[in-house]
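There is one chain below, alone, in structure tokens, taken in the form predicted alone.
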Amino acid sequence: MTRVDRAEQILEHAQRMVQVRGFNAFSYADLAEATGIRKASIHYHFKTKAQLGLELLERYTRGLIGALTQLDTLPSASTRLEGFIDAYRQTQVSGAICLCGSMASDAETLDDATREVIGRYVRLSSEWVEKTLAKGVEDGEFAPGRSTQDAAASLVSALQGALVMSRATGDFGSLDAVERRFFESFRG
């Protein structure tokens, strides 16, 4: 296994742990057990847990950018937004919550650089939704009159909250309700 493969394996397991347990609820010993990689080797790739967290978030943000680029190839604002919501649904079905949402709950224990990447992820998500909504209004797909900026912030917040609530209650219908209310408000 190459160094890159080993680092990727560590990141994959760490991401799952953060999304299921939380950033502060796992250790390098947990990672070593999950990956079969010695703690010393994990420290070789990620000297500190803060460095590991920052790399997880940077990687997750790159994934978001790639996903949004793919969604932008879809034929309408509605299908692009449905795809965006479906990404949250896939996270929900896997029994996890958004990595950034999970780490945001630990924000007071994270360094400034890590908090900045969390903020960047949220801004990228909200700005993309706002741009997609504005294009839908421009194309006559959605009714004008509602602030696309407010709607974007509301949607991203509602999706993050729905993931947390579905985990707490076991009710997987919360994302469906968010999607339904969101589209009803714009298709008026």
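In this text the structure is predicted, and so the values were computed from the model without any measurement. When you see a residue number, it is the position in the sequence shown, counting from 1.
Just so it is clear, the following notes concern the form predicted together with the DNA, a form of the same protein that is not shown.
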> Based on heavy atom distances of at most 4.5 Å to the DNA in the predicted complex, which listed stretch, 66 to 74, 46 to 54, 157 to 165, 130 to 138, is the contact stretch?
Replying inline: 46 to 54
>> Against the DNA in the predicted complex, would residue 37 count as a contact residue? Criterion: heavy atoms within 4.5 Å.
In response: yes
>> Can you tell me whether residue 143 touches the DNA? I mean in the predicted complex, with a 4.5 angstroms heavy atom cut-off.
In response: no
>> Residue-level contact is defined here as any heavy atom of the residue lying within 4.5 Å of the DNA in the predicted complex; does residue 149 satisfy this criterion?
In response: no
>> Contact with the DNA in the predicted complex for residue 41, defined as at least one heavy atom pair within 4.5 Å: yes or no?
In response: yes
> Across 152 to 181, which residues bring a heavy atom to within 4.5 Å of the DNA in the predicted complex?
Replying inline: none
